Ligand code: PMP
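Only one chain comes next, encoded as structure tokens, the form predicted on its own.
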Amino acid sequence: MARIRDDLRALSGYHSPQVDVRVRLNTNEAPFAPPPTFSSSLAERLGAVEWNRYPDRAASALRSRLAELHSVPTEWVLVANGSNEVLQSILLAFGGNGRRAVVFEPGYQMHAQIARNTGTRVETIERNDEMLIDIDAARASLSAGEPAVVFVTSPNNPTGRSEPRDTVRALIEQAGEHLIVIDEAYVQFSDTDLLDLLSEDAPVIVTRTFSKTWGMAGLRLGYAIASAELIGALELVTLPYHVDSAKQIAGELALDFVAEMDARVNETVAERERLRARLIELGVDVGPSDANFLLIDTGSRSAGQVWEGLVERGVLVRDCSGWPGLAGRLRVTVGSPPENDAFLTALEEVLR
């Protein structure tokens, strides 16, 4: 039997428990589907697709629309099958044997997972007491000399915190041969983004996704924004025709509904703040968030027991208590108002 790579033997894949419950608030999905007119328009467009033909290899129309949205040249955009494929392309192009990926914990688990999958050594740096990047520790790491891909997640998953602009700018200024990847999967729920840190000669790639704010997690569509030189490097490792025709059409259509997306983001942010205020009233320790989720501390109670109590009442959240630096923590996605009410009712019962 063929042998798996030795460096993969100790790894496990990405897992998020899927339980048959009434309210699922564990995967940071949008609580709302795209508008009905999106679905009807998509069905009409798909009816005209020549399925026996390969898709546009460059995804030219979608890239052009995204470039227009973000006021950058078309050659500064790469689209892929979810932002995770973008991350994989980055590590295939800039990681690998003899290179390292710098991640800040707690953080998005797939950064380290994909790095290891590509044979990239992972260096972990603990966040400070405010769950933000420890800039002194980060600077020391960048001074080590070995080429690195540095992952900056803003807002961060699972803490919900956005990194200060000065921190990220300092990392870029010291980058040298290092690449700074700014993962902005949740940025629309925040008051600011870091796109302005991009430039023709900046060693920076920003990643985005359609899964969260656009309500299109089932589509698996993400993209990168960077200089033409960096995008060209990513194109070297992408498979031919990797973004299918249906995905390209759906992405283009979604960009016709920016106003509707913005309205839903505003509603989600309002629900996030309502949810946080009520949790504080209940005596739950919950920090601020710039994303579509909240990280709560179960205090003296076992996070696992609270999680099980919620599941028994038909509500599924994410148990993060086993993640580095997150003992006793649960992450709850901001859902629709009825879903949030169901979570609050279930949590009150569990805490009693």
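From 1 onward, residues are counted along the sequence shown. Because the structure is a prediction, the values reported are computed rather than measured.
The next section is about a form of this same protein that is not shown, the form predicted in complex with the named molecule.
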| property | result |
| --- | --- |
| Contact stretch among 212 to 220, 270 to 278, 159 to 167, 131 to 139 - heavy atom within 4.5 Å of the named molecule in the model of the complex | 212 to 220 |
| Contact assignment for the named molecule in the model of the complex, among Thr118, Asn84, Ser227, Thr74, heavy atom within 4.5 Å | Asn84 |
| Non-hydrogen atom contact Tyr108 with the named molecule in the model of the complex at 4.5 angstroms | yes |
| is_contact(Ala185, the named molecule) in the model of the complex, heavy atom dist at most 4.5 Å | yes |
| Contact label in the model of the complex: Ser89 to the named molecule, heavy atom within 4.5 Å | no |
